[in-house]
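Next up: a single chain in structure tokens, the form predicted alone.
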């Protein structure tokens, strides 16, 4: 499969890239979209962008029907895939709740001749997908690790993982590679499920176990907020900063305002679901077959450029 670097995560950016592509004759196509429910801020953004993209696509392409289903956990999402298949969908755009639990259910949908677009959390078997759209997860980890090396230079760091997925492994392994040969040491790491409350509890555990922590890689903005609250309640002054990721507007605003505890962030836009939906629709309604891997760059957000990433009207 070819790999294409997309600089824009928005549906508008994709449409701009397709303006020169001839639109095929009207046809009836049904696209199912299966995504996690808004269990935290980033997935809340995913749900918002999916619903907005569905409305826009149905207006753009006569004959297109888009069905968006949200699921609170992996088992529910597997059931949702069965429901979508029963509606005879032509394509499935799926952001798996987790990699292990959803690989076989998506494979079953594929066996029915359905075009498959996988978003963000990769499946265990990449041959299932026709298209893969994601943020640059290895780069997400590398950019964060480099920031720690350049800024902290040396010290003890604790790491917050998301949930057991391909993308989490890519992020963490490349973060740790970026630290190799530096004075920055990871003294603990634990899953917190990209969840604010779970991160709060994990950080309380870290604070009780480790008398000196110099900085925290929360790796997610919801988890960063939980971490910050635990630090505040614990009255720990040894921690110099917390680095999250994804570009939550509240976090980006803190970066803009020069908050010393939140000096930077790493981009990972939830609008990638809209990109995936637009690319999938283009497969059916344009004369340019869409196949391959589309990767959106992970960029360091600092006080100098934060205004370019701040969207006050966004739900995330």
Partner chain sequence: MTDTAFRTGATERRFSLDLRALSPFIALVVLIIAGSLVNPDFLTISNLTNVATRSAFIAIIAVGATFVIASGGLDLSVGSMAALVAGVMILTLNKVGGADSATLVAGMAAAIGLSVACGLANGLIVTFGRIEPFIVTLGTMGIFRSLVVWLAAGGTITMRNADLRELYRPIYFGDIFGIPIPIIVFLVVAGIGALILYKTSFGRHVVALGSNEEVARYSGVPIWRVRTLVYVIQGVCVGIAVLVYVPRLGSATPTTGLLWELQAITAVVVGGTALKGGIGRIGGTVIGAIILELVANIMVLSNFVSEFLVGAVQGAIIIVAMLLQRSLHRGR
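Numbering follows the first chain given and starts at 1. From a predicted model like this one, the values you see are computed outputs, not experimental measurements.
The next section is about a form of this same protein that is not shown, the form predicted together with the partner chain.
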item: Contact label in the predicted bound form: residue 261 to the partner chain, heavy atom within 4.5 Å; value: no
item: Touches the partner chain in the predicted bound form: residue 238 (any heavy atom, 4.5 Å); value: no
item: Residue 222, heavy atom within 4.5 angstroms of the partner chain in the predicted bound form; value: yes
item: Any non-hydrogen atom of residue 38 within 4.5 angstroms of the partner chain in the predicted bound form; value: yes
item: Option touching the partner chain, based on a heavy atom within 4.5 Å in the predicted bound form, out of 108, 229, 125, 83; value: 229
item: Among the candidates 79, 104, 204, 182, the residue which, in the predicted bound form, approaches the partner chain to within 4.5 Å (heavy atoms); value: 204
item: Non-hydrogen atom within 4.5 angstroms of the partner chain in the predicted bound form for each of 49, 121 and 138; value: no
item: Among 95-103, 139-147, 206-214, 239-247, the region lying within 4.5 Å of the partner chain in the predicted bound form by heavy atom distance; value: 206-214
item: Contacts with the partner chain in the predicted bound form - residues in 189-203 whose heavy atoms fall within 4.5 Å; value: 189, 190, 191, 195, 196, 197, 200, 201, 202
item: Shift in CA distance, residue 51 and residue 309, in the predicted bound form relative to the form shown here, given it is 3 Å or more; value: closer
item: Closer or farther in the predicted bound form: C-alpha pair residue 51, residue 307 (3 angstroms or more); value: closer
